[in-house]
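Okay, so here's just one chain, in structure tokens, the form predicted on its own.
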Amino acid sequence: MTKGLIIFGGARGIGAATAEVFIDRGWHVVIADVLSDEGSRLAQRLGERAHFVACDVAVPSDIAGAFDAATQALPRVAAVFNNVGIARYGTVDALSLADWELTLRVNVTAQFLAAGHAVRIFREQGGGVIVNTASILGHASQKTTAAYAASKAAVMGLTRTIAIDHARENIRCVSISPGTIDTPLVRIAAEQFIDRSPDELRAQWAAAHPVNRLGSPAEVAATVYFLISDEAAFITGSDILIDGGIRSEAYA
């Protein structure tokens, strides 16, 4: 049976690369994103098996609506990729409560809600796969990333619990922890520093990885495809580092 994938945050970067990989392999894909123009253009470029739905994951009803649209558009919802994340910077004495709560709402609560919808669908059809997005900063932090690092560490705990709660229902759940991937979000982050140029910062971040470069969205997408595939059927509850070796090195 032809399979379908929902990608939250699918309009650009890792999400767009993942949509391309799955379409190339014969899947149907729903791209759910707040970036309507980019998401619509991507779906149009990928062809008739790609569908776009406007979705702000900070709004629970939008997540529910994306699942409703996907059940209509896809032959079968076989997998969900929660490719979501925002960053708000500041130490705990300076970061606003609003920024803290928004970060957790997008980075954790949205993945919790999407997983709940997915489990209910998967239970009825006999199984499925959820891939959540954590981060290298869920393993080791950086200055001023209190909200982001806390949220991504929480994603790993959420993933493990989903995995053990639903393993007997043939539902798998894994998370991925990318290092610095060359995406629009990384480029936006580099532009926040007024004392360094974005190109200088990206070069510095690349050099911090033992492989001496940034990762590509296509490399993350290939990993997501493997984790959702039947070849990865014995992998659940795990967090997969896609980090160019940066977590392995104690001192640069």
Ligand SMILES: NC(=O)c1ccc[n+]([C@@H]2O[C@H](COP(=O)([O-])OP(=O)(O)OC[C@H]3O[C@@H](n4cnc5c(N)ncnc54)[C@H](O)[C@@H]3O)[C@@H](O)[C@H]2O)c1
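Residue indices: 1-based, along the sequence shown. Keep in mind it's a predicted model, so treat the numbers as computed, not measured.
A second form of this protein, the form predicted together with this ligand, is not displayed here; the remarks below concern that form.
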Residue within 4.5 Å of this ligand in the model of the complex by heavy atom, from 66, 57, 221, 50, is 57
Interface residue in the model of the complex among 208, 35, 201, 46, criterion: non-hydrogen atom within 4.5 angstroms of this ligand: 35
Looking in the model of the complex, is this ligand within 4.5 Å of a heavy atom from each of 13, 133 and 181? yes
Taking any heavy atom pair closer than or equal to 4.5 Å as contact, tell me whether residue 128 reaches this ligand in the model of the complex. no
Residue-level contact is defined here as any heavy atom of the residue lying within 4.5 Å of this ligand in the model of the complex; does residue 148 satisfy this criterion? yes
Hey, in the model of the complex, is residue 121 touching this ligand, heavy atoms inside 4.5 Å? no
Examine residue 86 and determine whether its closest non-hydrogen atom to this ligand in the model of the complex is within 4.5 angstroms. yes
Quick one: which of 113-121, 92-100, 134-142, 157-165 gets within 4.5 Å of this ligand in the model of the complex, going by heavy atoms? 134-142
